[in-house]
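Presented as structure tokens, the chain that follows is alone, the form predicted alone.
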Amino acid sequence: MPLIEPRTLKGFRDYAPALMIPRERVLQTARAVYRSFGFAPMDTPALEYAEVLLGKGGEESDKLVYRFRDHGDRDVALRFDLTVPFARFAAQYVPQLGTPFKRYAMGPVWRGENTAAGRYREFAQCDFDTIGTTANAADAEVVLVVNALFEALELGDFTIRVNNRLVLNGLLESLGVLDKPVPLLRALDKLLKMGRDKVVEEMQREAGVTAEQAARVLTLAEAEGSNADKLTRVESLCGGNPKAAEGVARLRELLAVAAAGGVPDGRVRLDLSIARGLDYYTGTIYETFLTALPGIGSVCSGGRYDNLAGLYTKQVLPGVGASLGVDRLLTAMEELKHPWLAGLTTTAPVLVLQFPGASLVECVTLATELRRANVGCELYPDGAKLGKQFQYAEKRGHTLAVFAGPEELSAGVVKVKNLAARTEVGVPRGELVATVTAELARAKP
């Protein structure tokens, strides 16, 4: 029988331990931050009825959905994000859970799109949302959570860009083109990628607006200056439109809350060009950029979606939240040579060696004693030459090696070697845990 070539599909990837270990650390960090703000864990199936997913993110989004008929001849699809399934979940369970309901969810999603740096067809999202309230406090809290998250991820400088669909809709209403928001905002969302002229052309072609109307939209989007200057610009351009006025008021309060919540001055920036491509956003929208890698795009995005759950229930369930793009973030961390990606392939800092001639039972006893003291510990499986065992430890990234020969054991002594410092000490058997704990504390970056 011919061998099958081992390979992966385009847009999909494997995760070796050297990448999976920091990936898990990112998820653990996000989980801790989300929980600190009171978000509770939940999840939904990867596979949904197609009608649950389609038509929620827009035509362009629908084209990317992996859709097929299952063995029961049901029309099904793989989730393309975690927000739409959450809206379905909320329609089913929030009446029992109560509102406001704060959740976080982490898991893979699938989109059949063109691949690029940090962009895959299967990728993980790491979401947090509050549903069941229109209070601006929930919108402002998104900024506080994102700020806490990226500080905890130790990624250096970053900016959280915000806008509000009410501002954009107010402008469109004042121009008399509110009946064409989807193609206009989709085009606007491509401003950074396509440039002004091509965006104007797409607005004219797809939305049927005049060059003057398109230019008015872009005049707002390209407004410069401080956050206060931009809000003043909105008020002057939108002529007192009620929608725009509400959007401005919500943004002003959000910026004030962010400052009160300890977000450094200048980190939250009003960006009137942000529209977000998904159709279901209705209010505040967010995008997060790393200062050192702006070209990689937003690594944490989201917004307010007040009508999404209304597709599944008559109960009014407005929501707001954001999603961390884990795989794009990891790509950025690789480019930045982030210290979390140190090439470790072990999750245990200590390796217990099997000294040739030593008792396996005694080696297992040492490893068990360390684990009971909450020290991660791996046991080398056989009594190979010590040089080979040390090479294994250094290659996998263990911090310490613990070992003892028959003579040391009979004398009640165990050796502890710091693999990076190349130092070695013999300690009394009863002091092993204390010595290892102290060595690990010193070695911790």
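Note that the coordinates shown come from a computational prediction; the quantities given were computed from them, not determined experimentally. All residue numbers are counted from 1 along the displayed sequence. Whichever C-alpha set is largest while still superposing within 1.5 Å between the two forms counts as the rigid core.
Although not depicted, the form predicted in complex with the RNA is the subject of the following passage.
S.K.: Hey, in the predicted bound form, does residue 379 get a heavy atom within 4.5 angstroms of the RNA?
M.R.: The answer is no: residue 379 has no heavy atom within 4.5 Å of the RNA.
S.K.: According to a 4.5 angstroms non-hydrogen atom cut-off, is residue 115 in contact with the RNA in the predicted bound form?
M.R.: Residue-level check for residue 115: yes, a contact with the RNA.
S.K.: Any of the heavy atoms of residue 11 lying within 4.5 Å of the RNA in the predicted bound form?
M.R.: Close contact exists here: in the predicted bound form, residue 11 approaches the RNA to within 4.5 Å, heavy atoms only.
S.K.: Please check if residue 281 has a heavy atom lying within 4.5 Å of any heavy atom of the RNA in the predicted bound form.
M.R.: Yes, residue 281 sits close enough to the RNA in the predicted bound form that at least one of its heavy atoms falls within 4.5 Å.
S.K.: Among the candidate stretches 77-85, 129-137, 363-371, 209-217, which one is within 4.5 Å of the RNA in the predicted bound form when only heavy atoms are counted?
M.R.: Among the candidates, contact is made by 77-85.
S.K.: Here the chain is shown alone; which of 411, 27, 46, 386 has a heavy atom within 4.5 Å of the RNA in the predicted bound form?
M.R.: Of the candidates 411, 27, 46, 386, 386 is the one lying within 4.5 Å of the RNA in the predicted bound form.
S.K.: Name the single residue among 338, 269, 233, 119 that comes within 4.5 Å of the RNA in the predicted bound form, judging by heavy atoms.
M.R.: Here the answer is residue option 119.
S.K.: For the stretch 141-156, return the residues whose heavy atoms include at least one within 4.5 Å of the RNA in the predicted bound form, in the order they occur.
M.R.: Heavy-atom contacts to the RNA in the predicted bound form: nothing from 141-156.
S.K.: Is residue 410 displaced by at least 2 Å at its C-alpha between the shown form and the other one when the rigid core is overlaid?
M.R.: Yes: residue 410 shifts by at least 2 Å between the shown form and the other one.
S.K.: Do you see a C-alpha shift of 2 Å or more at residue 189 between the shown form and the other one, with the core held fixed?
M.R.: Comparing the forms between the shown form and the other one, which are aligned on their rigid core, residue 189 does shift its C-alpha by 2 Å or more.
S.K.: Aligned on the rigid core, do the two forms place the Cα of residue 384 2 Å or more apart, comparing between the shown form and the other one?
M.R.: Yes, its C-alpha moves 2 Å or more.
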